[in-house]
Structure formats: C-alpha cells, structure tokens
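Listed next as structure tokens is one chain, alone, in the form predicted alone.
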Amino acid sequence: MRMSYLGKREVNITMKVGFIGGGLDSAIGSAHFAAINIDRKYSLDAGMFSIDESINFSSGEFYGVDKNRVYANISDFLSAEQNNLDAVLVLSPTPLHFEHINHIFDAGIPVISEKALCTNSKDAEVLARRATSENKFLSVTFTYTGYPMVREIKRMISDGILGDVLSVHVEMPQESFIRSSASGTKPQPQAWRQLDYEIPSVTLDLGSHVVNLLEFITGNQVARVSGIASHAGDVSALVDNVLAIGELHNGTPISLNWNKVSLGKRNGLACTIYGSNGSISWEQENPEYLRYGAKDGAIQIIDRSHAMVKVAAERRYQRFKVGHPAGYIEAFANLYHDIAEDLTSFKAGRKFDNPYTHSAADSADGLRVLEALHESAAKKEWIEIRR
C-alpha cells in the first residue's frame, strides 16, 4: 500500500487495475479514468485500450501507462498481467462484455464492468452463476446511483420520510438520435450503438439506468410491465423511444420513459416519488438539489447543507464546500469508492454487501425487466417479470 497526504485527506492507493477498452476513441474511458483517480484508491497500470494499434498506444501514453504494459490483444494482456492486477475494468462495447468477462474470470482476476453487463439476461445469469459458484468478483458501474442526493432519496424512502410511496416516475430523455450538427449533419453514433440486439440498443444504454435507479431508490423490484417502443429519429430504423407503466412487488405503480429523440434534452435523467406525506424530485442535470413537497403545501429546495439531509452530508461527499456543485465524475468516484471497499473485503475473504454497489445478479434482474418490457411492446399485453 502506498500512502501520502493531499491536504488533510489521506491517500491510499490500494488497487492496481487494467482497462479493456476505454481508449481515447471511447465514449466512457476518460470518465472512468478521472473517477478512479479522484480519491486515489486505484492506479491504472496496464491495458488493452483499443483494437486500433495507434489509438491503443496513444491511450496508454495519455493515461501514463508504461508502453511495455500496453497490449495488442486480450490474451497477451491477461497472460502477462494476471498476477499483477487487483481488477480489470471492462469498458469495451456491451456486445463484447460476455466474452471479455469470461476470459478475465478464467485468468482469475476480479472484474469491474461498465453497464449494461450483457445484451441479454441469459448471458448475465451465466456470469452471475460463475461469480457465485467459482467465488469470482464482479461489480457493475451504474454511475447515477453514486450521486449523494440519489442516495439521500433512497434513505428518505427507507426511513419513511415520504410516508407510503404512492407512485414513482423515472425518465431519461436525450436528443442524440435526432439533433443535427450546426452544419446540418445527421447524428453518427458509434457503430455498435447503431444496431439493436436482443434488447434494443437505446434500452441497454438508457433503460438499464432507468430501471436500476428505480429499484435502487425504492429498494423494491419491478413485478410487471406494459410498454410501447417506437422509432422516430435519424439513426437507421432503431428503436429510440420507449415508454412503460408497471408495478413494483409491493403494488406501487410506476411510469418509465427513455428515448434519444427529445430535442432540448441533453441528458434528462430525472425521478419523482410521490408519497402520502410528501414528494421528492431530482434531476441529473441539477444534481445537488432535491425539490421536496410537504403535506401542508410547503415546497423546499434541499441541498447537502439542509437539516433534513443525512447521507449526502457525510464527509466523504464533501470534496468541496456546499455551493460548489459536484457532478457526474464525482458520482462515478463515489461508486468506485464503494467498489474498492467490496474488492478489499473480497480479497481478504470477507463477506461484502455494500448497499451502493451492483452485482451480476442485480444486472441480470434488470435485464429481465427490460426484456419483459419489449416483449410487452411486441405482444401489446402485460408481462410478469421472471425472477
């Protein structure tokens, strides 16, 4: 363990990790790199960052990785590094995750995977069974649950602050499949995002977050859904707009929406929970604040300094004082902080059950919900979720 001090904050670099994917040509690699460095609990020591040789080595140089530990293929990477790394971060396109994670499991290295874990629940279940039966470590990064105020909502619901939960709405509208550039050019997403799989690409990308956030904050699972899926954007004939209603296992009604055809919405992830004693609303683009509606009609805007706040007031979330907003990268870092705790316990042979991390089994459950939703859209009927 290497220790130093940054101001008053203790720095412990305990986890040596490698990347598969996440090169300079990826959508998410730099965000993961920034997040693992905020609290200095990880060091990026090796990787196979891209199948493009030039991008692979330029990415390693940018990330500060020794060129001798940048590999041209996964086999060479795992063979050379299986005894050197505490975990491998899988940041390759979702359709490749199943193959890549199985290879890493075979090499005996813990895995941290970008969501969605797989393109279908069957593959996710295979990984979940391997993780359990072979004592493998696999954690999935659903970034938005790292926001302190999202965790505060989870606490408020659990503590009964809102009373009985009467309904929950979660949405994630974006504009990326319909908004043109300044010159009028149509959208050109990454090639793998221009294909629909067993679950449509828009649902793997956005719907996985919506369902995860819903079940995370409520502490309950979706029991049944009825959905509609359609196409309206400028990217081939992909499904790009999904709406659904449903129920949680405790009978709470829910409504869900995600799409990439909402002009004016950059990343409109938001949730509202209506309870018998109050309501709470949160928007990802304004993440430091909750809008609380009380039973007597009073409306309050709550931030980390508010007297009602307990979780988001914890020191770990105060990287800088209130009034200087934290955001997406910090949320990612919060999640990586929790994964580091789990990974430390795993390596020591201890049980780990952090309420803020997401397992392969959690991901398989979420994918089953998404499959049921699209089955519902095709059959135009209610679908019960298989658990």
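Quick note: we count residues from 1 along the sequence shown, nothing fancier. Values in this document were obtained by computation on a predicted structure and should not be read as measured data.
In what follows, reference is made to the form predicted in complex with a small molecule, a form of this protein that is not presented.
Taken together, the three residues T218, S363 and G366 lack any non-hydrogen atom within 4.5 angstroms of the small molecule in the predicted bound form. Of the candidate stretches 339-347, 355-363, 46-54, 315-323, only 46-54 has residues with heavy atoms within 4.5 Å of the small molecule in the predicted bound form. Though the partner is left out of this view, T94 does reach within 4.5 Å of the small molecule in the predicted bound form, counting heavy atoms only. Using a 4.5 angstroms threshold between heavy atoms, E283 stays clear of the small molecule in the predicted bound form. Contact check for A116: a heavy atom falls within 4.5 Å of the small molecule in the predicted bound form. Under a 4.5 angstroms non-hydrogen atom cutoff, the small molecule in the predicted bound form lacks E371 among its neighbouring residues. For the candidate set H306, H231, R224, H100, a heavy atom within 4.5 Å of the small molecule in the predicted bound form is found for exactly one residue, namely H100.
Only one of the listed residues (K265, R193, K136, R179) places a non-hydrogen atom within 4.5 angstroms of the small molecule in the predicted bound form, and that residue is R193.
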